[in-house]
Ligand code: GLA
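Coming up is one lone chain in structure tokens, specifically the form predicted on its own.
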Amino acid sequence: MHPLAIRFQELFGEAPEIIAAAPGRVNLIGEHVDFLDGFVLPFAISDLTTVAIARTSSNQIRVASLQKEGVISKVEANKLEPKSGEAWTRYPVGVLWSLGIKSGLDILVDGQVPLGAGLSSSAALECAVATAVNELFNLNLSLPELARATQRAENIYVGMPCGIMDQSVSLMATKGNALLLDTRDLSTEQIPFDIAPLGLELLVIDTQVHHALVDGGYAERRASCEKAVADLGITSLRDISVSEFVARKAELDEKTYLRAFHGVTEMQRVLDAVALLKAGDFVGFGEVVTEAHQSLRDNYTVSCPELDLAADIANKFGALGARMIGGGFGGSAIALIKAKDGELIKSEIKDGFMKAKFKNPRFFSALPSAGAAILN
């Protein structure tokens, strides 16, 4: 029996009907463009959120988490209202709302994706629930349909205006590959990213700065990009070249220009990065990754001193490239490094953080893993 099934039975007095898991993600490149119809290049990590679910005869949805010491949150299944209930339960309950599920359910969550680290623990939770419910109620929804439903849950029920990248890769990823995702139509291409045989490693540097500012900051920057689209009279930033955008700079105020400039150039960087990976040019790929950080720092202004220091030290001590990932204002950075340099780079980052009186960072290696799955 799955360990979560045992805990479920202890807590709810019954066995779960279904157990599903979904991973967090690392985004190699393509940050803050998934709501702009852009291209992104994430991969799923091995850290998972697992959910166990059973239908009940009551009208209540009961939600508990192993990370919340078994506290059970209760909501009425036929009275789900966006932005209601405990903050963390809005993610699983929002998925039920988005999928139109109005049955009584017991849900137990085991979230092993680090919180606040920019690795999309929220999407992992949403996609684990969606995968389980899709199977449990025979909804027969496709992966793109589930991605849209989970994004809708986060946008409307949770109130976070995220794009669709995190949910898509959590559902659609395959082992050993990054996922080139066109967020306009959700078409995908698997891009090989098997770096270990080359003596390379993707180091994730968790600054342990939790991005408390991300919600409002994210929405504000998304609004800036939408303003640029309106001011320029175009359909999407996807539909304007870098050169044309620069030529029309005078039509935008400075803040709007800089934030939208990040979006336009970041979409191009994704396509450049894919071409470099296909050619096996990891040095060139690393340079593009570092350029992305510089744009996130200077144009989109979502970095922070801890992220900048982590990326700078990694590059100084041999990384091919490094950048912040996720929403920003904290969370994690990634560095593409030679495996033999790993201990040196980690040591130097720790020392740098200590001298700056920052929190002690955490490190782990990320390997491209598979997407969501039913486990029983």
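Everything numeric in this text was worked out from a predicted model, so none of it was measured. The first residue of the sequence shown is number 1, and the count goes up from there.
Below, we refer to the form predicted in complex with the named molecule, which is not included among the displayed structures.
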Practice prompt. Tell me the stretch among 310 to 318, 46 to 54, 26 to 34, 340 to 348 that has any heavy atom within 4.5 angstroms of the named molecule in the model of the complex.
Written response: 26 to 34
Worksheet item: Of 147, 162, 225, 267, which one comes within 4.5 Å of the named molecule in the model of the complex, counting heavy atoms only?
Response: 162
Worksheet item: Ok, 282, 193, 218, 245: which has a heavy atom sitting within 4.5 Å of the named molecule in the model of the complex?
Response: 218
Discussion item. With the partner left out here, check for me: in the model of the complex, does some heavy atom of residue 330 sit within 4.5 Å of the named molecule?
Written reply: no
Discussion item. If we define contact as a non-hydrogen atom of the residue within 4.5 angstroms of the partner, is residue 38 a contact of the named molecule in the model of the complex?
Written reply: no
Worksheet item: So which residues in 172 to 196, when you check the named molecule in the model of the complex, have a heavy atom no farther than 4.5 Å from it?
Response: none
